[in-house]
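This document starts with two versions of one protein chain, written out as structure tokens and named structure 1 and structure 2.
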Structure 1
């Protein structure tokens, strides 16, 4: 019923349009989701971390492509027997329905992020999103491990890599964050960063 798989960085997990024969649960690592635009360009539309699912809601094909950013481990559930399990387990079915609803909300939020927010607001929103995914928001100064490159962050935010780097530098100068390496960012003032994300600071 389930199959464990491991992927190395830059390895494709699923291709956009591939038959969605499996419901995929990320059990380790970070995955980037992308869509191919009509002109051939690729747009990053999201990131998955441990505990996230790919293939919800169910459909005939995956509506995004997925690629490992870091070493990734997944647990793949064959869809027909998994759907039979859902029929026998309403609690699990409800949880997946909530995940599907969250996915729709995330897509809506991403459109808002690209269309209405300033560069500072976009980067602050991204950092807050990563805190939520890492489930470290309870810490006074959450520390993030971001395996994605600045270029990948910029692509997701609809910005240039230079602008992302400039905004992060400004956040550092303002005492909002500190960095020990390009991939490690500590949020020194999470409350103020949330206000920046909402355009209130």
Structure 2
């Protein structure tokens, strides 16, 4: 009833509009979820990490595509037995309901970002978000290892990779961050970065 699978970076996990036969739990790695327009424009709607679910109800088809960013392991539950499990186990459904509610809340933050924030604010918000997710935030100058490319960051933030790159460059000049490689970013001043993210700097 549960099936384990592996995916390499760039590999497709589910395609938009595909019948949602499985409920997928990510057990390792990072996954991007996205929606696309017919001419190729992409919007990444979220990243999944260990413990996150994909394919929660929402009708008979996945409403997003999913692709592995780093090497990914998943645990796939075929739907009918899973639905039965839910019926017999209200606590589990309660748990999923909580997760769905958190997703709604996260989506609303994302909507504010895409609808109303400037490029600087978007990138700053993104960095803060990544720090929170990585739970390395207790350090005075937390250090990130981003699994995604500049283009993927751009697709998450509703901008172009060039602008992402320029803004990160500006943050470096401003002494807000430092980098060893493109994927390794240290936040030199988390407090100020939080203010930038909210448009207060």
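Positions refer to the first chain, counted from 1. This structure is a prediction, so every number in the text was calculated from the model and none was measured. Rigid core: the largest C-alpha set superposing within 1.5 Å between the two forms.
*Asks:* Could you let me know which number goes with the form predicted on its own?
*Replies:* Answer 1, the form predicted on its own.
*Asks:* Rigid core superposed, CA of residue 42 - does it shift 2 Å or more between structures 1 and 2?
*Replies:* The answer is yes, as the C-alpha of residue 42 shifts between structures 1 and 2 by 2 Å or more after core alignment.
*Asks:* After superposing on the rigid core, how many Å does the CA of residue 23 move between structures 1 and 2?
*Replies:* So the C-alpha of residue 23 has moved 2.3 Å between structures 1 and 2.
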